[in-house]
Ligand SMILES: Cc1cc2nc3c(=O)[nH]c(=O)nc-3n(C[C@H](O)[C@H](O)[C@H](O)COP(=O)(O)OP(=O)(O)OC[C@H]3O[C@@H](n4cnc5c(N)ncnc54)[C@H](O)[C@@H]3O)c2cc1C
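Encoded as structure tokens, the following chain is the form predicted on its own, with no partner shown.
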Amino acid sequence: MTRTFIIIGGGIGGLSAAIRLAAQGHQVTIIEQNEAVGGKMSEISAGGFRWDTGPSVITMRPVFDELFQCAGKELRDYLTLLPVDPLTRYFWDDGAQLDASRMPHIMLQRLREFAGDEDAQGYMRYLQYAKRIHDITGSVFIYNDPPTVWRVARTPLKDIPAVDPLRTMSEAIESFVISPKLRQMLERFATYVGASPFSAPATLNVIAHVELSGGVWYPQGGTYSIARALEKLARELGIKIITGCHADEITVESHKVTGVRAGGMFFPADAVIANVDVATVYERLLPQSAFNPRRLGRLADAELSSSGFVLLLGVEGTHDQLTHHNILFSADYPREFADIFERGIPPDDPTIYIAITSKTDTSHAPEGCENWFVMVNAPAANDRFDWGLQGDAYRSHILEMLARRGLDIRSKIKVEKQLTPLDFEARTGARHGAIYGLSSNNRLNALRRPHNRAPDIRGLYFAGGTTHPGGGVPMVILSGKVAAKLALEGLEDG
């Protein structure tokens, strides 16, 4: 039987769910408030420069292959993923530098020269440890339905110590390597879920395995090429995509979804998948009578992940000391995360990430110029820092810090745009601009992350970074897979 689905939000999670439903012959409509699909994945062009404004590090290539295969298509016919080497170039304030490679023999030699043989061997043991976590937890926390206490409890007792749930990421890393610099490089992976390595459970060291062993990929044309590829496939499958249309309400009768009101129209639906921050759905899209207000209270009171402050810079000149992905580490990592999560202010000494896609795609900047995407981690928007009043001063602070590290580009900026947590909230519906939704700074939060199925409203499902299995492009693709599966199962069950 053909069913009718409405997807609110044309982000990557929503597109993933829509493709899977349409591939099985169902009628699907996507309602997107922006003028283009992609959600947090978007792009800006100005003055001959082009930037991706969302995610820039792409991992877990098999997840992309599987999505296209479920529709009977091949990824290579829609998107070209190029391997990135080095994965990242790391810089420290004393002038030390390290290029990360996914090739074990290359990385081993570089680490011997960088930190000595003991730490080089410790790094290799760390990768084995992270792979072991992935092998044990992948089926529970990543690739299938949301975890339950029962499914977690079924983990063989002999495997539980390997999952390492009681230590923090930082504590686990310290057991493998001595070099503070190498520790910092591995601790950085907590930021991939908007967390602090000094609070997040050691289980999240699995993230390092995904990148350091699986590699990093660059979508030819820019990260937004992923959104274009998914949109093309969606339209080929007959999915109706309505952009520039703001969803006003998910209609509910007798605790069951009936459709969506958007743009002055009513769209009836057998089920609705919201590719929007789960808290935002309960706060703005559902009638208050449809659910227990304590649920919204729990969502609103939960600790949020970090957000970010971004400078999109069109820079005159080229900088051979930089590569595609670059990290300039802060001198005091614990203080940086204390600023974000304890004091709720942008770090005074932040780690600075610089992505320059024109290193790979020369068309992204005029000849002799570069397109810099500069990002620092920042707290979700709160009343302790006013981005409207203080954002420009913080921008100047970041540029001053770059100058101190030998990258004084202040007189070379030809084009500039800023993105703050307030912009992320306005553009994507992310609550307070928290890019990954619920914080991962608690070992139980993997079980507390909102389920892909609404517990109190039949026919309502969730996809995106704020629901299972979490943030990051491959993860939200998987969230769409889970949401589509649960939605079909729910209709079969009546």
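Start at 1 and count along the sequence shown; that's the residue number. Nothing here was measured: the structure is a model prediction, and the numbers come from that model.
Although not depicted, the form predicted in complex with this ligand is the subject of the following passage.
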- [ ] Tell me, yes or no, whether L212 is in contact with this ligand in the predicted bound form, where a contact means a heavy atom of each within 4.5 Å.
- [x] no
- [ ] Report whether the minimum heavy atom distance between L285 and this ligand in the predicted bound form is within 4.5 Å.
- [x] yes
Open item on the list: If we define contact as a non-hydrogen atom of the residue within 4.5 angstroms of the partner, is I19 a contact of this ligand in the predicted bound form?
Closed with: no
TODO: Considering only heavy atoms, tell me if N34 and this ligand come within 4.5 Å of each other in the predicted bound form.
DONE: yes
- [ ] Tell me the stretch among 65 to 73, 43 to 51, 448 to 456, 463 to 471 that has any heavy atom within 4.5 angstroms of this ligand in the predicted bound form.
- [x] 463 to 471
- [ ] Tell me, out of L81, A247, A100, L407, which residue has a non-hydrogen atom within 4.5 angstroms of this ligand in the predicted bound form.
- [x] A247
- [ ] Scan 1 to 40 and write down, in order along the chain, each residue with a heavy atom lying within 4.5 Å of this ligand in the predicted bound form.
- [x] I8, G9, G10, G11, I12, G13, G14, I31, E32, Q33, N34, G38, G39, K40
